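The chain below stands alone, shown as structure tokens; this is the form predicted on its own.
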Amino acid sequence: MTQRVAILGGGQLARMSAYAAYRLGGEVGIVARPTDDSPARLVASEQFVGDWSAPALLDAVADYADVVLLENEFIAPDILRHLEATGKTRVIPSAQTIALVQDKFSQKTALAQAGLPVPRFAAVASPEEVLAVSRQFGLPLVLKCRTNGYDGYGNELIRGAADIAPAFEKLLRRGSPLMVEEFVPFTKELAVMAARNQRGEEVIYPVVETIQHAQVCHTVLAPASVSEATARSVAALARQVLEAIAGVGVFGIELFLLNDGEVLINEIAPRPHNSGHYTIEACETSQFENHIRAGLNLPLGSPRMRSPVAVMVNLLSGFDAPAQPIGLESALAVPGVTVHFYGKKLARPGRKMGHVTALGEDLGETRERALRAARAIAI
């Protein structure tokens, strides 16, 4: 019997998840808003376009889908609760998990209560409270939106007391309550993908290093150049994170590696993650296929790498205009490189428009090829 998957969201993560669902013989419905630049709609078996809070639209999705998956964590939990309450479809991850994870303060609280290592943090409701916390945690300090923050949007670095009031006012305009975290002087930013199905089976992908440009992920190195002890520690933390948030599905977990070898958990994304794109070519089962497998409660696939190393480089736009990729021929001339364009109609500076992945034996040489291919492309 054909399994039907509905994905809330129509961006590149939904598009790549749809490809994985089709390989498993499924059908895919994309749920998008009318104003969305939605590349996933181009590959959908069915489209549900409208106001996501409208009961009629949600009921139509529930009638269609065996399982509803998420492309991002910014969906109101009440929408997911409505879908769950129909009794006609499963929602993965659950409304309970999303409500916990999408608020970074409640996310950090759950992790801390589970005894997991996180930076010190506190909720704040005024500049005066930020100042008081700065005296406790020290400076610099990171002021964050508790919800709707991504790729550095919704974060402000507080270097001194004079930064507090303008940063607070700037972030408050985003419509989210705020929190602060101590500034972590890390040596590397790490990430790991973890998957769990409803049977309780789990797989943990290799730990990777992520390199940011202007607070946006630019390069992913797989596996990360860390000790075996650190890799084991990250894998153990990933399993504990899934337990702490009752996580079912695929989760991207970002971490900080400190000078003394300690690892702190930064944030959790309850969905496929940019740091896991390398898995399409580099692993026996991609993050997107395990996203689908977990949702349909199928056996999870092996995360083992097919090559010793892999490097993924994001293709970030430098323009504010209709998307017109150039340089594909030059990029494809680089050996051992795969190019992914997401099919977005509009470019804007810093927007993720695609990625390239290179496989190889040596990290330095593989990274050079991936960067050479990425630099040949302009969008």
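Note that the coordinates shown come from a computational prediction; the quantities given were computed from them, not determined experimentally. Residue positions are given as counts along the sequence shown, with the first one as 1.
Only in words, not in the display: the form predicted together with a further copy of the same chain, which the text now covers.
For the options 75, 298, 139, 95, the one in contact with a further copy of the same chain in the predicted complex, meaning a heavy atom within 4.5 Å, is 298.
Proximity to a further copy of the same chain in the predicted complex, taken as a non-hydrogen atom within 4.5 angstroms, holds for one residue of 163, 267, 281, 84, which is 281. Contact annotation: a further copy of the same chain lies within 4.5 Å of heavy atoms from the stretch 303 to 311 in the predicted complex, the single such stretch among 226 to 234, 303 to 311, 119 to 127, 170 to 178.
Although the partner is absent here, residue 329 is a contact residue: one of its heavy atoms lies within 4.5 angstroms of a further copy of the same chain in the predicted complex. At a distance threshold of 4.5 angstroms between non-hydrogen atoms, residue 345 is in contact with a further copy of the same chain in the predicted complex. Using a 4.5 angstroms limit between non-hydrogen atoms, residue 319 is distant from a further copy of the same chain in the predicted complex. Using a 4.5 angstroms threshold between heavy atoms, residue 27 counts as touching a further copy of the same chain in the predicted complex. Here the marked residues 218, 351 and 375 all miss a further copy of the same chain in the predicted complex; none has a heavy atom within 4.5 angstroms. Taking a further copy of the same chain as positioned in the predicted complex, none of the residues of 246 to 280 brings a heavy atom within 4.5 Å of it.
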